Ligand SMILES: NC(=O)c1ccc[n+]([C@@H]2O[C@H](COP(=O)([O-])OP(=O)(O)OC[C@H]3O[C@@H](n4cnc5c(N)ncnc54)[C@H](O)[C@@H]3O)[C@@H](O)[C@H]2O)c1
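In the block that follows, a single chain appears as structure tokens, in the form predicted alone.
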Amino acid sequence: MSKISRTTVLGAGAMGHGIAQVFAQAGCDVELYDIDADALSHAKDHINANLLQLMAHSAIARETIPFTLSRIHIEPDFNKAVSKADLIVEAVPERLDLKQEVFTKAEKACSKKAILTSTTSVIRAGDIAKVLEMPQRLVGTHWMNPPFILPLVEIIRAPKTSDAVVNQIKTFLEEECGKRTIICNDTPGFVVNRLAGAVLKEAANLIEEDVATHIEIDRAWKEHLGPVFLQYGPFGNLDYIGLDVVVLAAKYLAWALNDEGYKLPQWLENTVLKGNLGIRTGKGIYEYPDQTPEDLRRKRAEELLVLLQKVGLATVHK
């Protein structure tokens, strides 16, 4: 497939103009369209402010600003906006009918070789693609907000999305745009919002049960769970805790709270039955070849110390 150099972003709101900025910083020409003339007229001002913010923190050089802005072209005509694009990104509100309407219209006016991506955070890409004549060229891309700062983009493979499209988007986002990606199969909420939803659901339960205030709950996340999960992810952290300990804790919580939601998947119980308990045995969810448990604990302690010092949360010994 040809190199992506001409991009179109449909929607000039916070996500849309932020994505347009990323593409322009990567050296792509960007056509930016919005049905709202006011949003379209102010988009470049918002992008300029974003760039000044990045420059103030030494994230970009001053000359990046005019280079980026010169790549972004405001286009009030929908058909003109999509007609020459290699990549079309839809960034409209999270409504299935609206996204389908946009892609139905775009498919009629764009090149048959253009890749179509939906900026969806919870809606299945396959549901959006049902209205297309060529559903194999549509892929979901869940950008984090603000997209010009946060590095992750989820790439959602719909049931009919071609492998070539997935691979090209992954290469483009990583090698040209400097993003980090994960690829997931199509399910409502994907990875990030399924995880976030579970955390928020349990946080709301803690409020309802009068366990702690929202201030204390947020502190628990920011001062412990956040840094630990940032460094290792939930599964990497389970290996450190010990999977046998995790199984016992989950079974107790399921019993004590009368909540089957704490029931662990069979694959995790099978892992424990095989004797793979995490760093203690050299293998758990991950493998740790040629590393002793003590070496791994010391390495973890050092990594966490460095991270906590950076964010001002390290324990101060007096």
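Throughout, we count residues from 1 along the sequence that is shown. All values reported here derive from a predicted model rather than from experimental measurement.
Keep in mind that the form predicted together with this ligand is missing from the display, and what follows is about it.
K.L.:
Would you check, heavy atoms only and a 4.5 Å threshold, whether residue 121 touches this ligand in the model of the complex?
P.N.:
It does: once this ligand is placed as it appears in the model of the complex, residue 121 has a heavy atom within 4.5 Å of it.
K.L.:
Check residue 98 for me: does it contact this ligand in the model of the complex (non-hydrogen atoms, 4.5 angstroms)?
P.N.:
Heavy-atom contact with this ligand at 4.5 Å: present for residue 98.
K.L.:
Given that the partner is absent here, does residue 36 sit within 4.5 Å of this ligand in the model of the complex, heavy atoms only?
P.N.:
Within the cut-off, so yes.
K.L.:
If we define contact as a non-hydrogen atom of the residue within 4.5 angstroms of the partner, is residue 129 a contact of this ligand in the model of the complex?
P.N.:
Residue 129: no, not in contact with this ligand in the model of the complex.
K.L.:
Considering this ligand in the model of the complex, which of 102, 139, 82, 243 comes within 4.5 Å of it through any heavy atom?
P.N.:
Partner contact (heavy atom, 4.5 Å) among the options: 102.
K.L.:
Report the residue, out of 174, 94, 202, 218, that has at least one non-hydrogen atom within 4.5 angstroms of this ligand in the model of the complex.
P.N.:
Only one option qualifies, and that one is 94.
K.L.:
Which is the contacting stretch out of 228-236, 68-76, 209-217, 84-92, given heavy atoms within 4.5 Å of this ligand in the model of the complex?
P.N.:
Careful reading of the contacts points to 84-92.
K.L.:
Can you tell me which residues in 127-165 come within 4.5 angstroms of this ligand in the model of the complex, by heavy atoms?
P.N.:
If the 4.5 Å heavy-atom criterion is applied to this ligand in the model of the complex, 127-165 yields 142, 143, 145.
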